[in-house]
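We begin with a single chain expressed as structure tokens, specifically the form predicted on its own.
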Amino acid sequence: MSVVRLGHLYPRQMNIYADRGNIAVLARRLEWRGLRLDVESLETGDAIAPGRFDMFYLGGGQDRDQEVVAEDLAAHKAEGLHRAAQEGAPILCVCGGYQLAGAGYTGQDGGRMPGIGLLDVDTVAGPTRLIGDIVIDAELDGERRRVVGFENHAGRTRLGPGARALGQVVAGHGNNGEDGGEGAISGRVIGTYLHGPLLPKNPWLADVVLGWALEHAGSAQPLAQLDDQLETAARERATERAGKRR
């Protein structure tokens, strides 16, 4: 049985948007194919051993939790995550995790949370929160698909030349409500504001990330197709709802 080893970063602090639902989707989609996901929590103080994991997940958290996490990321995990990214391990970062994967986050009070530079993005808090259903046309591995989710963030994130947007906004706000982009990708590092959680309605995205992780694990086995009728119906319903709220 092929095994994918996932490092779940700060599952206690960074789980404000049902982030464990994303882990459950990854595990079940592998299980349905006769594969297995081994999940190991990486808490404050834990270092990342070289080659130990095939993929990583970093979810969203409240500001006070992000402050603790930001310090620990820089001190104990930045080097290991950069090494893993260079070796092709996918890293999925959602909402607050997306902000910390960049250069950092500047709050409304001017306080600065440093990021670890996995993505060439920077975030500054705006005067209002960007909230609601969101639909984007995302592109990964040369394939373009519709992806849906929910966004709730004060941060206005802007991309530098070292990253491209994960997708273009069809309905919703995206990175900053101005430039039409949502999320960021560099190599196999993905950052996004889409949560709720992200993966249950977007099995294509889940399978792309799992395919990358299996490749890192040394498996040449292609992922078998699954019956995603329920997931497709949920995505279509979310798209319809987002359109009505524009």
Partner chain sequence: MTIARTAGRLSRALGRGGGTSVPGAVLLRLDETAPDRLARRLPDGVVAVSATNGKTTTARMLGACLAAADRRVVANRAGANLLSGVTTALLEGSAASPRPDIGLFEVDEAALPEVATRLSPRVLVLMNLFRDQLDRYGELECLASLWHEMIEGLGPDTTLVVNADDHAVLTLAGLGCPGAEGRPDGPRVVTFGVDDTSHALAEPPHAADATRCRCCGAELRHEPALLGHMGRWRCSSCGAVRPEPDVVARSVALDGVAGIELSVDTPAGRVDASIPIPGLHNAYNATAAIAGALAAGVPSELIGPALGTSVAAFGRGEQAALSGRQLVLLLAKNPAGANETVRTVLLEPGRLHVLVALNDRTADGHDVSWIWDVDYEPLLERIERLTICGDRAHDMALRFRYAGLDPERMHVVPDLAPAIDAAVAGAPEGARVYVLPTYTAMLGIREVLVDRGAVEAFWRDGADGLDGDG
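Keep in mind it's a predicted model, so treat the numbers as computed, not measured. Numbering follows the first chain given and starts at 1.
The same protein also has a form predicted in complex with the partner chain, omitted here; what follows describes it.
Enquirer: Test of understanding: in the predicted bound form, would Asp63 fall inside 4.5 Å of the partner chain by heavy atoms?
Expert: It does: once the partner chain is placed as it appears in the predicted bound form, Asp63 has a heavy atom within 4.5 Å of it.
Enquirer: With the partner left out of view, is Gly180 within 4.5 angstroms of the partner chain in the predicted bound form by any non-hydrogen atom?
Expert: No.
Enquirer: Do Asn152 and the partner chain share at least one heavy atom pair within 4.5 Å in the predicted bound form?
Expert: Yes, contact at 4.5 Å.
Enquirer: I'd like to check something about Ile131: if you look in the predicted bound form, is any of its heavy atoms closer than or equal to 4.5 Å to a heavy atom of the partner chain?
Expert: Yes.
Enquirer: Identify whether the partner chain in the predicted bound form is within 4.5 Å of every residue in the set Glu71, Ala78 and Gly104, based on non-hydrogen atoms.
Expert: None of them does, since no heavy atom lies within 4.5 Å of the partner.
Enquirer: Go through 182 to 190, 199 to 207, 42 to 50, 213 to 221 and give me the stretch that gets within 4.5 Å of the partner chain in the predicted bound form, heavy atoms only.
Expert: Within 4.5 Å of the partner lies stretch 199 to 207.
Enquirer: Can you list, in sequence order, the residues from 12 to 50 that come within 4.5 Å of the partner chain in the predicted bound form, counting heavy atoms only?
Expert: The stretch touches the partner through Arg12, Asn15, Ile16, Tyr17, Ala18, Arg20, Gly21, Ala24, Val25, Arg28, Arg29, Trp32.
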